[in-house]
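The chain below stands alone and is given as structure tokens, in the form predicted alone.
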Amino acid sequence: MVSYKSACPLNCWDNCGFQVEVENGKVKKIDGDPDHPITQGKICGRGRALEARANSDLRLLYPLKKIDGEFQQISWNQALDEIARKMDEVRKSTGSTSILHSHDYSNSGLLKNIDKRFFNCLGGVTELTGSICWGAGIEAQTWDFGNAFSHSPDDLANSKNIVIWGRNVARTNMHLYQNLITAKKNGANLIVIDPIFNATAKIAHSYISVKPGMDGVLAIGIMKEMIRLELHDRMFIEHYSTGFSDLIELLDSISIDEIERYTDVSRETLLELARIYHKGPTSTFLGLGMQRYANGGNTIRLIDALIAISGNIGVPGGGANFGHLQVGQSFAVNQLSLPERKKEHRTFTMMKQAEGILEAVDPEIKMVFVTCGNPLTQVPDTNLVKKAFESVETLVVVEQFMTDTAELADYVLPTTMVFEEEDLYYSSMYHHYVNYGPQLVSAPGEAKSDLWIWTELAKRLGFGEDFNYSKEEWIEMGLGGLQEKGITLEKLKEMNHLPLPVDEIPWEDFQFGTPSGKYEFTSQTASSKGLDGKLKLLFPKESSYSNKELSEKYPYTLLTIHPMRSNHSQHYHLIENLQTIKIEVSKDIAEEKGLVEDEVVRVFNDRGELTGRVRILPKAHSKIVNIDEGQWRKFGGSVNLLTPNGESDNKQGSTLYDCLVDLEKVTS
């Protein structure tokens, strides 16, 4: 058995370093790399499960074509010839934007950007914008700061107070969780704000339960108390921000009594939080769930505003830590993707791709190409997505397993996974290290890398010269100017991981990337996009404040939290105890409905329904139901049968959590 250094490809906060044991051409064991400066030998079950994923008997091994409703094995030449011919016919008859490239972010490899190069060289297709996962928050911080940057993990040592707002880092960001434990031992004050008392809340000094979707209103309340007590940072506001008077107008438009009623948070707690933010440095780690509402962008912007007026921007130990886009922006992505090669261009938002397919005219969508995603499980309003994907003439899916989406396809192309291909891996969410992932084993059957598939299709479609590079040349192309700073492929092979040149304390010079160069409480970027850049008092779309009739029909708020043992839908088919639907309910619902643990219930609304077994949340806000996202149809169905496919207020995020349901016992 031989041990190699590698890296986790999962699109996750931690992007861990691996130590991989290989024997007789197969991966036998995956552990953490003890030499990785951030992940330090610790990895989660999702990373360890990549061994089972690589060696699974369920792997797709050969190209498949659906003939008379059944998949039949065909050769690569036949698959690629037929797909290329169909693409060429569509391009010539109705234009290349009749092709939709449906993508997601299941793999953090640098060379996964090559799919964009292919479709750009084809002439430009219909693309997806925004993000189901974190789009509203990224757009919000772009409006406020000009970009979405986070502090380095080491900077946590400078924080006097640490606020974990809407995140369960124990489940999704284990190395931050370890750092929180260390910071707490060293005297930092740890506060968790969340509708559910989670594993991270268990180690906190304070836990604050907030009504789902009302986090922005909570931030308004804290700011009101801060202004009333004159605890705000006048120097920052006067010299480095614009639009503060608009914020004051908003704060004056709502009373503390109203804020208490909307959030279920007391004035005493608002006052305590105002003092915590004033007595900094206070770092804030913002979660993804609270921006998955119709008011999601505004929510993140209000929390950003709180962090700004309290003097916690651009200082050690502070920060509005949501995304860390400096990491991905370090690479020469445009050199890989060649955006200038587009001749035609059209976009749908990722959330509304189903509606886009069904309603598109001039031209209609004739063909869909799915890469790095499983939209039949992950995109909201599953029934509508299924209808849309079934409506197109040709559906091509590049996959490793027969997912819900692959089952609908006309062609399924088997692709490699980590350990079977060489790439660089990084994450734009937490730390700033890039990891080298060598090819360690051969792919099973006839599975081919995404890069090989695009290269072969490009040859058939007349632009093969744009793909005539070696693997090393591709990686060096993606590294771009980083090579001048010592981050070369040769050095990465030697060291396995290297830090990227990012600002460890963003905005330290108070020079922001906004049009004004200042922090913008009222966003000029929003105005340039035809949107209102002012901060507002907004509520979830599906709530008693916005739609009383709907809330009376469906009285419970559905959350769809990330699963513990699977990166979204990727591991459900490998882990037997994930293959039943668990419906978590707050205690008040259990009492109201007379529910006990393990009882079978049906959760439903106008979009769909799911059946599963009850788990009672020991401590959660009232009227909350949670069903982990990612479940496959064959195991009961995705929670997205219930979720809406709306767009956030800034048009770049989903409204997955903006979802009301009812439930009832299943008696038969």
Ligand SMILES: Nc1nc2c(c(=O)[nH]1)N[C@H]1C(S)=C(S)[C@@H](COP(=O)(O)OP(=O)(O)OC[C@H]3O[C@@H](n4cnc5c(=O)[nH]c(N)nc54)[C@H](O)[C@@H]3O)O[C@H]1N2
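For every residue, the number given is its place in the sequence shown, counted from 1. Because the structure is a prediction, the values reported are computed rather than measured.
This protein has a second form, the form predicted in complex with the ligand, left out of what is shown; the following refers to that one.
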From the candidate stretches 519-527, 170-178, 455-463, 546-554, select the single one in contact with the ligand in the predicted bound form, where contact means a heavy atom within 4.5 Å.
170-178
Candidate site Asn107, Cys133 and Gly166: all three near the ligand in the predicted bound form by heavy atom within 4.5 Å:
yes
State the residue from Leu270, Leu482, Ile196, Ala79 whose non-hydrogen atoms include one within 4.5 Å of the ligand in the predicted bound form.
Ile196
Heavy atom within 4.5 Å of the ligand in the predicted bound form - residue from Ile74, Val333, Met564, Val441:
Met564
Does Gly373 make contact with the ligand in the predicted bound form, using a 4.5 Å heavy atom cut-off?
yes
Hey, in the predicted bound form, does Ile365 get a heavy atom within 4.5 angstroms of the ligand?
no
Indicate whether the ligand has at least one heavy atom within 4.5 Å of a heavy atom of Asp215 in the predicted bound form.
yes
Can you tell me whether Met429 touches the ligand? I mean in the predicted bound form, with a 4.5 angstroms heavy atom cut-off.
yes
Across 464-501, the residues having a non-hydrogen atom within 4.5 Å of the ligand in the predicted bound form turn out to be none
